[in-house]
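Let's start with one chain on its own, the form predicted on its own, as structure tokens.
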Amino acid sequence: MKYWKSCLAALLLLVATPFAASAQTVKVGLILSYSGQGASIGDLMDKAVKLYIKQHEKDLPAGVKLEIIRRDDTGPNPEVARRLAQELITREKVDFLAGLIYTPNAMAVASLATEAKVPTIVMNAGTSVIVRRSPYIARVSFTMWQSAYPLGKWAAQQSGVKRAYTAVTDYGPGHDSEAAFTKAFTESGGQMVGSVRMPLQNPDFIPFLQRVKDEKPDVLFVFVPAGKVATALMKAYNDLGLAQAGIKLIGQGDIVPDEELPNMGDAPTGIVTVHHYSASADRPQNKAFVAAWKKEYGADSTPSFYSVASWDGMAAIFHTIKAQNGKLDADKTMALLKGWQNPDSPRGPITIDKDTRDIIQNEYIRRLERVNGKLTNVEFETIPQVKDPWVQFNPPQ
């Protein structure tokens, strides 16, 4: 009798919990820098992931749970990133890889994504060729060519400068930025008078910028990774008196990241950059995003382009989960990512190119100004829906 009572109790328990057997956990392996020189970047990206989940977890299909498994790559360390990705794939059985601040790390992970058929959402790394390294990579961030090429055209055609010098960090994104700006600037009638590449790890900018000052170009185009490195660059630019020497500074948004502007108190106004996001933009979606961010993380905290890409990356992941009702198939996921659109991104409308799996987005020409006493990137011109120019110049073989 006791046996049958036990069986009945077990049966009733199963009937009373109908979702127990159908519950589905979707695992996302998030590879970011939580220590080292990129720790502040990793923090901004992770905060965006947390905020998106907090606001949208209720939108997941019934019975579907999202699990974020975080791993620290400690900075631009491709060997570490590859090992972490391998562990996430084989031990944790993740459904997605995501994050990837640095190009070398993203490149190191690409072959693993292909072998294991794990959809990988690049939330930052901006070297153009990354998406060609694996059919299971989609990028929601940017490419260096998207901003550097339009800036090269603008500098030669609109700003009146004729002689330019480039100074970039010596790795993939820097090389892309240098090539893109140089091509556009010279095609538009400008003259390149010099170039220099600076180390990625612990750079001392003074000797490199001294070379620029000695050459006396009209304009200096710079790329360095955003964050504390950008602040160090700006300090060196000021200390050497390049602005007083008549050398204008221009670059991509990395050199004046929104979250670092409070630390650049002595930065000269008038610096022109091209970028896909400004925290100060008047777009309603951006105002709502910034308000939610400050409510969650404090009035003195500011989201950056890192944050927006991570926010949009989670939106893309949620889209594929909802479309498949939580039962994921890697190839279906990639098909859903191709052509995915988000008209309500804080940065403006975005699309994942159905052919390249890369981002299509607005680029904004901005000027660094003081607004109510604070340094602010003020957008004054929009270049709509820019595809990566590198793809057009370098079609697949």
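Remember, it's a predicted structure, so these values are computed and weren't measured experimentally. Don't overthink the numbering: it's just position in the shown sequence, from 1.
This protein has a second form, the form predicted in complex with P-hydroxybenzoic acid (PHB), left out of what is shown; the following refers to that one.
> With P-hydroxybenzoic acid (PHB) left out of view, choose which of Tyr149, Tyr102, Tyr277, Phe96 has a non-hydrogen atom within 4.5 angstroms of it in the predicted complex.
Of the listed residues, the single hit is Tyr102.
> Going by heavy atom distances of 4.5 angstroms or less, which of Pro119, Gly126, Gly251, Gly313 would be at the interface with P-hydroxybenzoic acid (PHB) in the predicted complex?
If I apply the 4.5 Å criterion carefully, the residue I get is Gly126.
> Looking in the predicted complex, is P-hydroxybenzoic acid (PHB) within 4.5 angstroms of a heavy atom from every one of Tyr171, Pro225 and Phe305?
Every residue of the candidate spot has a heavy atom within 4.5 Å of P-hydroxybenzoic acid (PHB) in the predicted complex.
> Heavy atoms within 4.5 Å of P-hydroxybenzoic acid (PHB) in the predicted complex: which stretch in 79-87, 294-302, 237-245, 171-179 meets that?
Answer to the contact question: 171-179.
> Would Phe142 count as touching P-hydroxybenzoic acid (PHB) in the predicted complex under a 4.5 Å heavy atom rule?
So Phe142 counts as contacting P-hydroxybenzoic acid (PHB).
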